[in-house]
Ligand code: TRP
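One chain comes next, on its own, written as structure tokens: the form predicted on its own.
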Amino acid sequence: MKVARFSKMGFILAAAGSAVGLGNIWKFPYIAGEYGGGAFVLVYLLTVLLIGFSIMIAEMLIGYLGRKDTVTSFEELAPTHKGRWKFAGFQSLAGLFIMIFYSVVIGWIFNYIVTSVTTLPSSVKEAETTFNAMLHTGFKTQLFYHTAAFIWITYVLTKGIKGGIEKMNFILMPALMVILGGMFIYATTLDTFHQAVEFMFYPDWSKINSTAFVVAVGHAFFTLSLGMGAIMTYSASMEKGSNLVKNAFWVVFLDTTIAIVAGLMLFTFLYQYGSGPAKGPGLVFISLPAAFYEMGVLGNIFAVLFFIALAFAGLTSSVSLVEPMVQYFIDRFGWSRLKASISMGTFFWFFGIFAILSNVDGYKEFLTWGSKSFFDWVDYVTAAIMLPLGGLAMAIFVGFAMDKSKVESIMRPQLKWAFDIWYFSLRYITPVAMFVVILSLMGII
């Protein structure tokens, strides 16, 4: 049976779609706002270049050579201790666990697309009241849109690499870039655009501390969709003879560019119509809708377009979060794609209900342990433990476990003089950085 492969452009768009998610348009702007803008952005860009890019090449290499699910790829490429290394492949569980709350957030976005057509909050206070009402009392609304996200994502997965994932990204990724590009062009015409540029690119080093550095490293890792087997699984369907370095460059470039464009656009609107950029996680769902209200009818149009773009980003990355486990059950247990897709979709849909209930009045006290709800615990465990461990495993595997001659035969012709720098970074710089991030996010240091 002929195995479906991505076309060259299809792979880049699919991998970029995996990387470009809610982390770029929702999370990046607000953490840049919290940590002072320019200084944080510079640290973030450096970590993307020095750490994220190295890990992405390594993850692509494992997938490209393994040609199977993540577990089998680690197992077959390990020269020794194959049984032990296969456990590194279970990093693909991270993506499935992330989907438990990620699908819920996409549901929020669907809801905001619908409500933005007619109704926008007239103030930040009203926006906060509206969002909290949805979060704490709107169980049926959240369940409806969470289910809609589950249906979309599962349907695309059942269609496979060519008919589902590649086709979706060929439509949604260009649409996402057109919407954000159009809104960005409008933002450049506003008087406050220069304030956004200053905030994003003129560093205030007094705002940078060890916490900000760790957050920058962690976010660079998260936003590139590394450590969860997504890029590895997509790379297994890459055409033979593909240039991994060029593909990784385009994915990193598109991902970072969209994050910067989104940040400049949002900060321009907030300076012009709202307040400041440091509004935390509520920036998109609370501060921004209130800013859109000040634009009048144009604000409704922009709000709908923005949340559509945000939904597109979420959906393209969601498919990549689930695909590694779908491929695992296909390769290891001979499941049909339909059975594997529906099973994995049902998993995140079912546990997503508990994520919703953990914020709903009357239920949240039963689904809260310590200071975190079930929703927050899933977010914390995946971001602070599973993703960094996945990245650490890949760096050590390619840097120490894999046969260096095999790595060098493929990567030196592509990296040329930079091969030794990349290999050194993968063996010594990246593991140390990831270990520090893990300890810091766990509150140990």
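Residue positions are given as counts along the sequence shown, with the first one as 1. In this text the structure is predicted, and so the values were computed from the model without any measurement.
Heads up, the form predicted in complex with ligand TRP isn't pictured, but that's what we're talking about next.
Engineer: Under a 4.5 Å heavy atom criterion, is Leu283 part of the interface with ligand TRP in the predicted complex?
Structural biologist: Answer no; every heavy atom of Leu283 is more than 4.5 Å from ligand TRP in the predicted complex.
Engineer: Quick one: is Ala290 in contact with ligand TRP in the predicted complex, heavy atoms, 4.5 Å cut-off?
Structural biologist: Answer no; every heavy atom of Ala290 is more than 4.5 Å from ligand TRP in the predicted complex.
Engineer: Applying a 4.5 Å heavy atom distance criterion, does Ala19 contact ligand TRP in the predicted complex?
Structural biologist: Because a heavy atom of Ala19 falls inside 4.5 Å of ligand TRP in the predicted complex, the answer is yes.
Engineer: Can you tell me whether Met228 touches ligand TRP? I mean in the predicted complex, with a 4.5 angstroms heavy atom cut-off.
Structural biologist: Yes, Met228 lies within 4.5 Å of ligand TRP in the predicted complex.
Engineer: Establish, in the predicted complex, whether Thr70, Thr233 and Ser341 all lie within 4.5 Å of ligand TRP, using non-hydrogen atoms for the distance.
Structural biologist: Result no, not one residue of the spot touches ligand TRP.
Engineer: With ligand TRP left out of view, choose which of Ser373, Gln327, Ser317, Thr256 has a non-hydrogen atom within 4.5 angstroms of it in the predicted complex.
Structural biologist: Exactly one listed residue reaches within 4.5 Å, namely Ser317.
Engineer: By the heavy atom within 4.5 Å rule, which residue out of Ala149, Ile98, Leu266, Val251 makes contact with ligand TRP in the predicted complex?
Structural biologist: By the 4.5 Å heavy-atom cutoff, the listed residue in contact is Ile98.
Engineer: With ligand TRP left out here, work out from 112 to 120, 220 to 228, 290 to 298, 77 to 85 which stretch has heavy atoms within 4.5 Å of it in the predicted complex.
Structural biologist: Careful reading of the contacts points to 220 to 228.
Engineer: In the predicted complex, which residues of 380 to 413 put a heavy atom within 4.5 Å of ligand TRP?
Structural biologist: Result: Leu387 alone.
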